[in-house]
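Next up: a single chain in structure tokens, the form predicted on its own.
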Amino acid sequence: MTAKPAIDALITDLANQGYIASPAIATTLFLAQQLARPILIEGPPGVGKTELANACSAMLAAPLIRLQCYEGLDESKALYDWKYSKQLLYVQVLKEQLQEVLGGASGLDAAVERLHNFDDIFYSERFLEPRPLLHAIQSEQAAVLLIDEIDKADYEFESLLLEILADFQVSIPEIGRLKAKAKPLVILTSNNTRELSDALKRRCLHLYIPFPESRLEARIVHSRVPEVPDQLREQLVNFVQQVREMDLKKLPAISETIDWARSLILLHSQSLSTELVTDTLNVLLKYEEDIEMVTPEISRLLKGNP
């Protein structure tokens, strides 16, 4: 029995959420679901890595739990912290009850024995403040856990993730292991600003999303901005594809193609002209030196001559 019908169904379900997935993306997602493995998605910014997590959340009707990574991110921001104010209140209440608890105890040993008979709740789940990773582990419903831009976090933080990625559990020294109530679909994204550790990669299915080829990009634009006339869509996709072949500081991503298409609709455009492209090139390109490099080439690019 082939898995192709299930993969095709994923492509259709994602398309219903506005995400046009390639067969490679759908196949990786299918395997991740079947094997209960995280997905590490790498690729240039703006090609739909984060958007895939959003689409999966909508497709599966699962809550999306997002952890945005940055330099200096640590356990107290990503995994858990203690509710210190409530712990202090607990200490205050305990002090007020201490005489009653120890009443009648004869000697230090007897007092200590009585204290041991009470549950130690000071470091218990009752005083845990869950952060995104623990929140995903404790969720009664299987969630989509997005660990976004893992390459911005420190190497040390990757070590913190290994237990979750491998066993869907976390270990808290004062409490012990907490296993996932329902295994989340874990998606990590990276913009390749640094090399990730082999240990992290080994625990994930790897998926690279490149800039889309012209036919796929046209389908994405049609899905996200259906108001764009066919001729204009073909022109702008062809233009963007050629711009990506130039030696620019930042190549336009699919998100910028979509922004440009929406801008052209707002300007009631039916087709591209040199003047129109010149006036709106700042929507597509984010650096002035890139705009200065492309501007003299606009007429040539519109003729479709790379």
Partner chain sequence: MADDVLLRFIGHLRHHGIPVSPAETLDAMRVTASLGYDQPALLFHGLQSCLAKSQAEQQPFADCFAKFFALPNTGQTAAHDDGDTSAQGESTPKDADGGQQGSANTAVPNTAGRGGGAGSEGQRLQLALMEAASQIELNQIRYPTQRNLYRRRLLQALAKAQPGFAALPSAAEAPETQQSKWLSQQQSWLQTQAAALVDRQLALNNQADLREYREARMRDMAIGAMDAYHRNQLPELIRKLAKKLASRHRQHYRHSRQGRLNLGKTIKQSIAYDGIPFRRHWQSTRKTRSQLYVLCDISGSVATWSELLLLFLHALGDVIPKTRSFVFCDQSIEVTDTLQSRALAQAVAEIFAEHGMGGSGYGTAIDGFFANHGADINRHTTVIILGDGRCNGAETGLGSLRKIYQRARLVLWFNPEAESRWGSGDSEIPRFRSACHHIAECSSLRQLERLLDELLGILH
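Numbering follows the first chain given and starts at 1. Computed from a predicted model, the values in this text were never measured in an experiment.
This next part talks about the form predicted together with the partner chain, which is not shown.
> To test your reading of this chain, name the stretch in 137 to 145, 84 to 92, 221 to 229, 174 to 182 whose heavy atoms come within 4.5 Å of the partner chain in the predicted bound form.
Looking at the other structure, the answer is 84 to 92.
> Would Thr28, Lys201 and Asp247 all count as contacting the partner chain in the predicted bound form, using a 4.5 Å heavy atom cut-off?
Heavy-atom distance to the partner chain in the predicted bound form: all three under 4.5 Å.
> Report whether the minimum heavy atom distance between Arg37 and the partner chain in the predicted bound form is within 4.5 Å.
Contact with the partner chain, yes.
> Would you check, heavy atoms only and a 4.5 Å threshold, whether Leu216 touches the partner chain in the predicted bound form?
Residue-level check for Leu216: yes, a contact with the partner chain.
> Given that the partner chain is not shown alongside this chain, does Ser22 nevertheless sit within 4.5 Å of it in the predicted bound form, heavy atom to heavy atom?
Answer yes; at least one heavy atom of Ser22 falls within 4.5 Å of the partner chain in the predicted bound form.
> Consider Glu195 of the chain shown here, and say whether it contacts the partner chain in the predicted bound form, taking contact as heavy atoms within 4.5 Å.
Yes, Glu195 sits close enough to the partner chain in the predicted bound form that at least one of its heavy atoms falls within 4.5 Å.
> Between Leu205, Leu98, Ala166, Ile121, only one gets a heavy atom within 4.5 angstroms of the partner chain in the predicted bound form; which residue is that?
Spelling it out, the residue with a heavy atom inside the cut-off is Leu205.
> Pull the contact list for 55 to 84: residues with a heavy atom within 4.5 Å of the partner chain in the predicted bound form, in sequence order.
The stretch touches the partner through Glu71, Gly72, Tyr84.
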